[in-house]
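In the structure tokens that follow, a single protein chain appears in two forms: structure 1, then structure 2.
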Structure 1
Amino acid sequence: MPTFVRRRVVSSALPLVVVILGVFCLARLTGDPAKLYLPLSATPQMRADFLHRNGFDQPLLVQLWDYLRGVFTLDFGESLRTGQDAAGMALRAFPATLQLAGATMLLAIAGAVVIGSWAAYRPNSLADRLSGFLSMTAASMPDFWFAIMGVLVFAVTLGWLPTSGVVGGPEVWVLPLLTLLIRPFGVLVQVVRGAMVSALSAPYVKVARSKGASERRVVFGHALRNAAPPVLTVAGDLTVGLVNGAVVVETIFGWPGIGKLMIDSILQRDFAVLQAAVLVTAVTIFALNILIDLVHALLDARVREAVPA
């Protein structure tokens, strides 16, 4: 297993390096921050002082070197907007994203296991066809459309839920959580249903039934355990997608997570905070991918053998 982990870390390091370099280059394409932070009446001397104070008057290679040094020490400089430590701002915003993504995935897995297992246990029944139709609809629904419709119906028209923010009771979680939940829930119901249909028709299930095992033990003790690897793999990939997809949801609902921080940083050309936020997100996704592969390898020896030397 240590060899497997080492190989996965090495093979995944190159995409992380590409992200680190890419965010530096793309941030410079958002425009000149001096035009945003200085008044229209600013003199050339004021502009030169601003660029010198923030290191933007240095050649790009020198700026890149300073950025790479900051990557290894988590020192990305200070925010142009607030003057606060950029890495600190990113690290303070990230728990809000993780809380939202984690709660979403727990609810999605729990609901999908119940509904997907029930549909597989009664194949071609009315409940199976209904769950298939609803899960396909949910999996096809764009997050931003559901978010806009949710705000329009439940916040603006009915007035039941707040439109944005995190101040208040549990009601502030409802719309952001449902918006993120609906697509992974639909995908996981399909995956659980397919894996369970295959598992329930396997020879070991017939053997268990012939030995007098209860249906509960057959479903949850035998079939579900063997159906778990593909479900966990897809759930892991969806979790990575949730961290990325939170950018849209956090912006719409004003959720103070890493996605909203990125959008604000792009609009304000706050290079230091943008670079710190992207790096924190990329490292988290990198670690999640390693964890997903590790869990999958623990459950299936064929995965360990498939990793090239």
Structure 2
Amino acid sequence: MPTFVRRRVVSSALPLVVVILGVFCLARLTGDPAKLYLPLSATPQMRADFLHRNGFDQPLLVQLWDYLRGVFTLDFGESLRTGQDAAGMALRAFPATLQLAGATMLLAIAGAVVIGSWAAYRPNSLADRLSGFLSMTAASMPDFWFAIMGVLVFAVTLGWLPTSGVVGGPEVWVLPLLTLLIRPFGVLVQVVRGAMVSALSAPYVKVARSKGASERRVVFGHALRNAAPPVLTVAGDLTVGLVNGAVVVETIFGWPGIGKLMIDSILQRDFAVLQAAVLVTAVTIFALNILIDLVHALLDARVREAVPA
């Protein structure tokens, strides 16, 4: 197992390096931040001062060196927009995204296991077809549209929920969670159903039944355990996607997470914050990927052996 972990860390680290270098280079291709931050009629001297103060007058390699040093010391400099510590801004925003993504995935997995197993238990029944249709619909629902409709129905028309926000009771979680939940939930129901259908038709299930095991034990004790690896892999990928792509939900609901911070930083050419936010996200995704592989390997010995040296 330690060998497996070492190999996975090494093979996953390369994309991390590419991301770290890529965000630095791409950010600098997006234009001159001086125009955004200086007065419209700034003099050339004011512009030169700005570039000097922020190190943008240095050769690109020097800027890159400073940035890489910052990566190792978690010192990304200050935000151009707010003057605050960039790493601090990224680290403050990140838990909000993780909480949302974590809660979403827990609900999605729990719901999908119940509905997917139920559908797989009676393949081609009305319930199965209904759950197939609804989960397909959920998986293809644009989250932006769903969010706005949710606000219209539950906040404006019915007045049951707040439109947005992050401060308050559990009610502030409902619409962001549902919006984020709908797609992974739809995907996972399909995956659980597929995995369970093949698991339930496997010989060991027949053996278990012939030995007199209860149906609950057959489904949850035998079939689900064997159906778990593909489900967990997909759930892991979906979690990575959530961490990376909660932008729409965070923007609409004013959820102060890392996705919104990244978009704001790109629009504001706030390079320091963008770099810090991307690094925090990339490292988390890196760690999540390792974790997913580990869980997968623990569940399935073939995976452990398949990773090349």
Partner chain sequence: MAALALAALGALAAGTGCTVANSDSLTGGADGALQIVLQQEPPTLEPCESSLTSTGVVVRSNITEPLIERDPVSGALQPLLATEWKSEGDRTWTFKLRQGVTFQDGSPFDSADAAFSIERAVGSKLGCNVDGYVFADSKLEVATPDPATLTVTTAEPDPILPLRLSFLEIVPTGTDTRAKVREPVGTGPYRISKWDTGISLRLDRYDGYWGAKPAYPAVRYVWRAESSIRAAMVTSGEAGIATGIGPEDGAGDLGVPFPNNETTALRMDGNVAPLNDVRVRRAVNYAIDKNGIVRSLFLKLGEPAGQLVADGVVGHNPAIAAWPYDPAKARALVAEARAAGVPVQTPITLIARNAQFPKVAETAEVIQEALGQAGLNVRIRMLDTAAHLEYQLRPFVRDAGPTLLLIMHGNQAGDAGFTTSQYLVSDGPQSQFGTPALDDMVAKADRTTGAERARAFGEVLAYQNEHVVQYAHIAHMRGLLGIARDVRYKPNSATTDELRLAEVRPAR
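FYI, numbering is relative to structure 1, first residue = 1. Take the two forms, find the largest set of C-alpha atoms that superpose within 1.5 Å, and that set is the rigid core. From a predicted model like this one, the values you see are computed outputs, not experimental measurements.
S.K.: Given these two structures of one chain, say which is the form predicted on its own.
M.R.: Comparing the pair, one sees that structure 1 is the form predicted on its own and the remaining one is not.
S.K.: Is there a C-alpha shift of 2 Å or more at Thr157 between the two structures once the rigid core is superposed?
M.R.: Yes, because once the rigid core is superposed, the C-alpha of Thr157 moves 2 Å or more between the two structures.
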